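Consider the single chain below, provided in structure tokens and representing the form predicted on its own.
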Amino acid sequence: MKILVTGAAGFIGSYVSRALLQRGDSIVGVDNFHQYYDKKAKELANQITLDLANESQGTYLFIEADIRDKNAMKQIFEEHQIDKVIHLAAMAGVPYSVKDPHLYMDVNIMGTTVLADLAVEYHIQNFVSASSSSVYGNRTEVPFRESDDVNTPVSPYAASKRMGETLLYTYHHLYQLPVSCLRFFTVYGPLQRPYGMVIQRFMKQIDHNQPVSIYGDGSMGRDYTYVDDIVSGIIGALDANCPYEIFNLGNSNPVTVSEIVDTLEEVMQQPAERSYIEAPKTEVSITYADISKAQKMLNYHPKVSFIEGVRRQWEVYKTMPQWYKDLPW
């Protein structure tokens, strides 16, 4: 089985690639090392994957390329006889999408269109695409179900992810492309994306003896999901070969911002100074996944508790070189 993983040097993409290697798959990994955050962080994650490939029965070929470059992507499909696609490459992060919405639409919509075109042309067996819990907007009725109305996104990032789902349904309808869109709920864990992620940001702020910056009064809740659990859902969707489905991949256990700080204080054994700031309009009050569909159809069962996941993230963070700890948050 030859699997194309886009965004392979990113946080989730590198974990997915390593999980596929461990079960003996052949992976072609693609990433363009966008300057959204320091290239060294992605190079570090990608090197771990390359090292694992030398010790596993699977194979990993990494190609630096941009998913918007149709010629480059076509060459990859042509030369490497791709069987399935796990599409994780995207411009991520809600706040940055407000600063440059055109970039988010270009990468997340046009890049996905390039891949969908090639998936049809080369008769791909399954196309698994990363979506986001952000598509649910600022709803308060919980838990969030895949059947809920998702026509009121509150950020360009969320809008681009919803449009990606709709686009891929069109390709399924017109060309019978098998598609699974996976709505990730706030993924965290060791080597989490260093910029713009709350747990990583708070961990660095506490480690640098700086106040943690809390939006609002700290009551906002997020359905934090450990990266290994997310990976299990991605691989479940890859193997399921659904005609067209949308799945929530979350933990069904929202954690408030204040509880995050409490947990970090316990895990890091260090008190945190709390600074409360106004929440941007792009922030929502809660995310909370109903995962019953994924449980039934993908055998998805998250296993890692929040405190255990944070503990694992902290233990790895402590071993990182100083340049990593000093990356902008």
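As the structure is a prediction and not an experimental result, all values here were calculated from the model. Numbers follow the displayed sequence, beginning with 1.
As for the form predicted in complex with a small molecule, it is not shown, yet the points below apply to it.
S.K.: With the small molecule left out here, work out from 144-152, 200-208, 120-128, 85-93 which stretch has heavy atoms within 4.5 Å of it in the predicted bound form.
M.R.: Within 4.5 Å of the partner lies stretch 85-93.
S.K.: Looking at 288, 60, 300, 37, which has any heavy atom no more than 4.5 Å from the small molecule in the predicted bound form?
M.R.: Only one option qualifies, and that one is 37.
S.K.: Given that the small molecule is left out here, which of 49, 26, 263, 32 has a heavy atom within 4.5 Å of it in the predicted bound form?
M.R.: The residue from 49, 26, 263, 32 that makes the contact is 32.
S.K.: Since the partner isn't included here, can you check whether the small molecule sits close to all of 164, 168 and 247 in the predicted bound form (heavy atom within 4.5 Å for each)?
M.R.: Contact check failed for every one of 164, 168 and 247.
S.K.: Quick one: is residue 187 in contact with the small molecule in the predicted bound form, heavy atoms, 4.5 Å cut-off?
M.R.: Contact check for residue 187: yes, within 4.5 Å of the small molecule in the predicted bound form.
S.K.: Indicate whether the small molecule has at least one heavy atom within 4.5 Å of a heavy atom of residue 238 in the predicted bound form.
M.R.: Because no heavy atom of residue 238 falls inside 4.5 Å of the small molecule in the predicted bound form, the answer is no.
S.K.: Using a 4.5 angstroms cut-off on non-hydrogen atoms, would residue 283 count as touching the small molecule in the predicted bound form?
M.R.: Residue 283 lies outside the contact set for the small molecule.
S.K.: Can you tell me whether residue 67 touches the small molecule? I mean in the predicted bound form, with a 4.5 angstroms heavy atom cut-off.
M.R.: Answer yes; at least one heavy atom of residue 67 falls within 4.5 Å of the small molecule in the predicted bound form.
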